[in-house]
Every structure is written in C-alpha cells, then in structure tokens.
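One chain follows as structure tokens, the form predicted on its own.
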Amino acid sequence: MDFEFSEEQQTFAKDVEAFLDAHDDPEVFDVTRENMAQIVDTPERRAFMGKLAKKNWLGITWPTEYGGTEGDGVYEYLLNEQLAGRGGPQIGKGIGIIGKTLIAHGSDKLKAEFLPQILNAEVEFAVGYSEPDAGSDAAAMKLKAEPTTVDGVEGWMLNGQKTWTTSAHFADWYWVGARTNPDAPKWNGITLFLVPMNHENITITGIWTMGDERTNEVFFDDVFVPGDYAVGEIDKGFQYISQALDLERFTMFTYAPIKQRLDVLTEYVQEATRDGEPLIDDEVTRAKMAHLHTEAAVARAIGLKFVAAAVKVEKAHREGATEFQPPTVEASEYKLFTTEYSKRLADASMDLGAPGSQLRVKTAEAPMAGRAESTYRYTVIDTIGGGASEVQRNIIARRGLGLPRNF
C-alpha cells in the first residue's frame, strides 16, 4: 500500500488546516483534554460542528441519497486527524457509529428522522453498551427490554442500568443496547434502540474519572420505547454493535494527539539538561526516544492500513455488496498497538521529566507544562474504552490467526 497521500488529498488537508486556523478558539480546541477532547460537550463546540456541517465535511463517505458525497474514507481520516491534533471535537460518533449503522440497517423512518440531523450537527448521541457486569464483553449486557403496549402503541419497556456512558449528561439521544430475548445465546438476544435522553424515567448520575472527565451511570425505570425506534432487526443488535465497535476503535483513538504528545516530549528532551549536561546527549535517553519515534511510525502505518481496508469495504458496499463489515482485525490491531504505545509514551514522559513531571497539567514551571502527568492519567483509560486490550488480543487471535478464544 502507498503510505503517502495524493495531491488532491494533500490539498484537502491544507483546506482543513486553513479552516481550523480561521476558527481557532480556546473554548473549542484544548489538547490538554487528551482523548476526551473529541466529545461535543459545550455550546461552543456544538456551534463549531455546525460550521463543519456547512462545509459539507460531515458526510464525506455517506451515499448521496442521504446527503453525503460518497468520498473515500481517507478524507474523513484526514479531517479527523486535523481536528484531533488540535484537541478539537471529532466526527466519529454521530457520523460513523450511529449514522453508518442507520444507513446500513435502519428503517426509513429512523433514516429520515436522524440522518439529516446528524449531517447538520443538530443532534448529539450517547452510546450505551457497558453495564456493571458487562464491560468490554458487551454481549453480556442485561438491560431488560420486554414487549408491551402503551396507549395503543406497541413497543418495549426498558429496565436496568448502564455505566461508563460518557456523553449521557449532554446528549440528546441514547444509542442503547438491551436484551430482548433472555433465552437466546448472549450474542443473539440483543436489540439496539434510540431513546431520548430527557425521558422522565431515565436517571443520570455522574462519575468522575482519574482523567478529570465526567462519565455517567444511567438508570432505566420503566422506560417505554415505541417499536419503530428499534434499530434494524430484533435480536440482531450485537452484530450491529460489533460493526460499530470496529469504527469506534479507530475513530476514538486518532494518531495525531499521540504524535503531538511525542513532539512535546521530543522538544523537552532537546532542550532539558540533567546534572548540567544536555539530556539528549545521554545514550539511554537517545535510545528510548529513537524507539518511541519508531513505534509512532508503526502506529501511523497500522492506522493507514485500517483506512485502506475500510475504503475497500465502503466502495464494495456502494457498488451493491449486501454486507457492511468494517475491517475487524485491522481495527483491533490499531486500537491495541496505539493505545498501549500511548501508555508507554506517557510512562517515558514521566521518567524523562523526573520528579517535576508529577506537577499537574498547565503548571507553567513543570516539565512539558505538566502534560506528562495528564497523559499518564488519561492513557490508562484509553486502553479500556472501546474494548480493553485483552479483548483486542482475543479478536486478533481468533479472527486474524484462527486461534481458539480464551474466555
């Protein structure tokens, strides 16, 4: 595969860069929020996404019949990387996870209601898979959905709990999985629903993470969902979730912020001294930095490998292929390597920054202005979100290498 971008792709990247320069705003862009910078959780960030929508950059890979431009996924990749590199909100959840799943499996009603809102950046979603007893093993979810009729409307009554729902406190709609058939094998009895977050029988409780960001527990107490807000076929939700997770594992963990952290560490090492001598003259330090830069290049290559495979899948789907299956193994390879590398990079930043690296982020006198400390806290979370590293290893082993599962 070609690891360089075409002239047209480079021109697009420059257009995005110029647009972001013109709309630079500290209320929108903040690299110190690390991976959580991607969420659209403030009025300023929502307004900015509206500006992206007006540029027709939110539906690059969508079919034209749904308002997209049917472009290659590489343009979506370039846009997201530019946004991520500045600590800005990104396009992965609505456009990718929800939008592409609705295009592939949603009813005409759901497509008509939600796809225009997504393209115009008028709606924000929370994603609800994890539960207290179902973390990375999403198929173990127990949120109960029972068929019922309310005021003559057929639908489902939802009861139970979700956890680690990061966007629940500001989202408009909940993209949530629930168990509709408790007697089926755990992978076959789940259905996806769209539920308004302002439903009177939904209770949201905040949880603060070690990265100083809010996530949430969400409780359902007789939450009625009309039947036409079920996504796709009943009991087939886990298959859709699996496809969406492949997109999430790539779009949630972009390369640009990792490269930005590496650049911060590199600049520090080039300028810092230790015992009166330049730190960069130390052989162990040079070897560590060389290794980190090599691994960064590997992370970028694995990411581009996923993009190339995803472009082929989307092209085949547009040309009539009935199945829409993102490249699962490539997604897990990228997610596993990149998040584990990001953690190693954070460890190295703490080591090379010495005791001062423990000072909090945005402390001016701290090494790297405290970025080492914040990335050290954040990167642990990254190895869990979207499926923990152990899950990614099992996917690679089973689907990529043909080995038996170990759980």
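Each residue number is its position in the shown sequence, starting from 1. Bear in mind the structure is a predicted one, so any value in this text is a computation, not a measurement.
Missing here is the form predicted in complex with a small molecule; even so, the following discussion is about that form.
Review point. With the partner left out here, if you bring back the small molecule in the model of the complex, are M36, V127 and T215 all within 4.5 Å of it by some heavy atom?
Key: Per the other structure, all of M36, V127 and T215 touch the small molecule.
Practice item. Classify T165 as contacting or not contacting the small molecule in the model of the complex by the rule of any non-hydrogen atom within 4.5 angstroms, answering yes or no. Key: Close contact exists here: in the model of the complex, T165 approaches the small molecule to within 4.5 Å, heavy atoms only.
Review point. Is the gap between I381 and the small molecule in the model of the complex 4.5 Å or less for some heavy atom pair?
Key: Although the small molecule is absent here, I381 would touch it in the model of the complex, with heavy atoms inside 4.5 Å.
Review point. Taking 4.5 angstroms as the cut-off for heavy atoms, does V16 touch the small molecule in the model of the complex?
Key: No, V16 is distant from the partner.
Point to revise | Partner contact for N201 in the model of the complex: the small molecule, 4.5 angstroms, heavy atom | key: Output for N201 is no: heavy atoms all beyond 4.5 Å of the small molecule.
Review point. Only one of Q90, S136, T285, T328 has a non-hydrogen atom within 4.5 angstroms of the small molecule in the model of the complex; which is it?
Key: Partner contact (heavy atom, 4.5 Å) among the options: S136.
**Study point:** in the model of the complex, the residue from T266, Q117, N181, T209 that sits within 4.5 Å of the small molecule by heavy atoms
**Key:** That would be T209.
Review point. When the small molecule is placed as it is in the model of the complex, which of 395-403, 19-27, 381-389, 5-13 ends up with heavy atoms within 4.5 Å of it?
Key: After filtering at 4.5 Å, what remains is 381-389.
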